[in-house]
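A lone chain, given as structure tokens: the form predicted alone.
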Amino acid sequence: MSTKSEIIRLGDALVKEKGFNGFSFSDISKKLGIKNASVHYYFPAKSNLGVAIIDDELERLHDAIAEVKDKQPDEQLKKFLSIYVGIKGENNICIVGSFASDLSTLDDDMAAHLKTLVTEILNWVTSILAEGLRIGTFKFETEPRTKALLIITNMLASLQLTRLTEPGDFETIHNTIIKELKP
């Protein structure tokens, strides 16, 4: 893996662990055994690294969408939810939740990239739900976009909240989302 890729990977991990404002280039350079100047070579400002982290997440999202694009809506939804299950398994929070909590301190370019990521997530989940509703795989009363917002916000919040609640609460939320969509 290249130094640039390693910086992005480590930055991503630090964002999920500490938040964007909770780490510095010094943290990255120490963990990688390189000089701060090496980090600055690839990313002149921390916001450049933030954009690269968001874009890397967007690429992973596109890969996940492509992986299940020809599958049934319930399988596509399981793929979406599995992203959060994986994050929970790492005891992290998702990148959207982490960056969103720092939104007021992000520069305009980072905020625009984050909005693109969120829009693509919302569009994907909305399309999954709309198709599932159309073919009878899912049943719900609200508009697909509204239901997508409810599911996404539940998953985002559950990663944070269930750090403080009883064991099994995350799984209960996850399973209830699926259960409540069944016709």
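Note that the structure is predicted; figures quoted are calculated from it, not measured. The first residue of the shown sequence is 1; numbering continues from there.
Note that the form predicted together with another copy of the chain isn't included here; everything after this is about it.
Residue 115 belongs to the set of residues with a heavy atom inside 4.5 Å of another copy of the chain in the predicted complex. Although the partner is absent here, residue 146 lies within 4.5 Å of another copy of the chain in the predicted complex, judged by heavy atoms. Remark: residue 51 does not count among the residues lining another copy of the chain in the predicted complex, judged by a heavy atom distance of 4.5 Å or less.
Although the partner is absent here, residue 111 lies within 4.5 Å of another copy of the chain in the predicted complex, judged by heavy atoms. Of the residues given (58, 150, 130, 64), 150 alone sits with a heavy atom within 4.5 Å of another copy of the chain in the predicted complex.
Using a 4.5 angstroms heavy atom cutoff to another copy of the chain in the predicted complex, none of 12, 24 and 87 count as contacting. Contacts between 101-117 and another copy of the chain, taken as any heavy atom within 4.5 Å in the predicted complex, involve 101, 102, 103, 104, 105, 111, 114, 115.
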